[in-house]
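Before any questions on how it binds or moves, here is one chain, the form predicted on its own, in structure tokens.
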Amino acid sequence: MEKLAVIALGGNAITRGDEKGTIEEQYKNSSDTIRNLIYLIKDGYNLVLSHGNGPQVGNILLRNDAGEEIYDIPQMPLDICVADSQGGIGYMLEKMLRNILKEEGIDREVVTIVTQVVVSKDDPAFENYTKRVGKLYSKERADEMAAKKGWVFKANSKNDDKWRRVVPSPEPKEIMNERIIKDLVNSGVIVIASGGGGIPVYYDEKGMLQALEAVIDKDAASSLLASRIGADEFYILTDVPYVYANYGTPQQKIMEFLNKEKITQMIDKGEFGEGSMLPKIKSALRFVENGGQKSVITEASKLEDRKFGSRITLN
């Protein structure tokens, strides 16, 4: 029986932290990452790929700002920017994947789905804006933008004399087109979906879909998608090969195998950073709690050499 895996590509799979983000850099990084996934396809896996979009959406927002300030071009709302990034990154990943499959002599179709993800308008996240997006502003300019557009700003964590827009990050509740994604992937099509956590939408009082100025955690949305389509395995690819205990200290230790009990102990001890590993750990654990066989957190090269990084199971 073929296995189904959902693979969440981290931001560094497309743009590295020390790069400008040119299209040449993004193509190379995407190609390098995808080549590490080929063995899964050769082993008969069906695949769904999701991806981060932080740097790309950030650049889209910067272009929005520049277009408005210089040419008086109306800014696009955040949901359109997320959709824009899904289409662009999906096209890039799909093209690279098709080329690599051809090189390997593998006959598989690939499709990209621009994915909406349903959230609750009553999510507590709408009372506490936490996700920073867009450019840095002076306090004076931030106040002007807040008055003009109703945006919320916070002092930038790394440079307190600059301010940055913040938006909510609600929990994903439903993946649109999940049945279609499941049908496609079960027929052998490699699907790219739920990019950047998906486009956040909600149902209004008439049952109509409406957009929200928010972002959804990519790993949380990918975990939900994996559960809803009945995936066997869930992979989160990041910039470290393993989950570590006492990370960044002389007592740092690789945690190759983790179960719910051990993860809970480590969370209670504050082992995982709120803005880095903790959301990944929670998403990986949620997948196995919902019936998945295992989650894996690692960097892409660990898939190719089959060392697999850190494996998370329920027991």
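Because the structure is predicted, anything quoted here is derived from the model rather than measured. The numbering used is simple: start at 1 and walk along the sequence shown.
There is another form of the same protein, the form predicted in complex with another copy of the chain; it is not shown, and what comes next is about it.
**Student:** Hey, with another copy of the chain in the predicted bound form, do I70, I80 and D84 all fall inside the 4.5 Å heavy atom range?
**Tutor:** Verified in the predicted bound form; spot residues all in contact, yes.
**Student:** Among the candidate residues N156, S120, T130, N99, which is the single one with a non-hydrogen atom no more than 4.5 Å from another copy of the chain in the predicted bound form?
**Tutor:** Partner contact (heavy atom, 4.5 Å) among the options: N99.
**Student:** Using heavy atoms only and a 4.5 Å cut-off, determine which of D107, D160, E140, E103 is in contact with another copy of the chain in the predicted bound form.
**Tutor:** Selected option: E103.
**Student:** Does another copy of the chain come within 4.5 Å of any heavy atom of E256 in the predicted bound form?
**Tutor:** Contact check for E256: no, nothing within 4.5 Å of another copy of the chain in the predicted bound form.
**Student:** Are any of the heavy atoms in G291 no more than 4.5 Å from a heavy atom of another copy of the chain in the predicted bound form?
**Tutor:** No, G291 sits far enough from another copy of the chain in the predicted bound form that none of its heavy atoms falls within 4.5 Å.
**Student:** Quick one: is L184 in contact with another copy of the chain in the predicted bound form, heavy atoms, 4.5 Å cut-off?
**Tutor:** Yes.
**Student:** With the partner left out here, check for me: in the predicted bound form, does some heavy atom of M176 sit within 4.5 Å of another copy of the chain?
**Tutor:** So M176 counts as contacting another copy of the chain.
**Student:** Out of the stretches listed (55-63, 266-274, 38-46, 279-287), which one is close to another copy of the chain in the predicted bound form, meaning heavy atoms within 4.5 Å?
**Tutor:** Result for this chain: 55-63.
**Student:** From first to last in sequence, which residues of 22-36 have any non-hydrogen atom within 4.5 angstroms of another copy of the chain in the predicted bound form?
**Tutor:** Contacts from 22-36: T22, I23, Q26, Y27.
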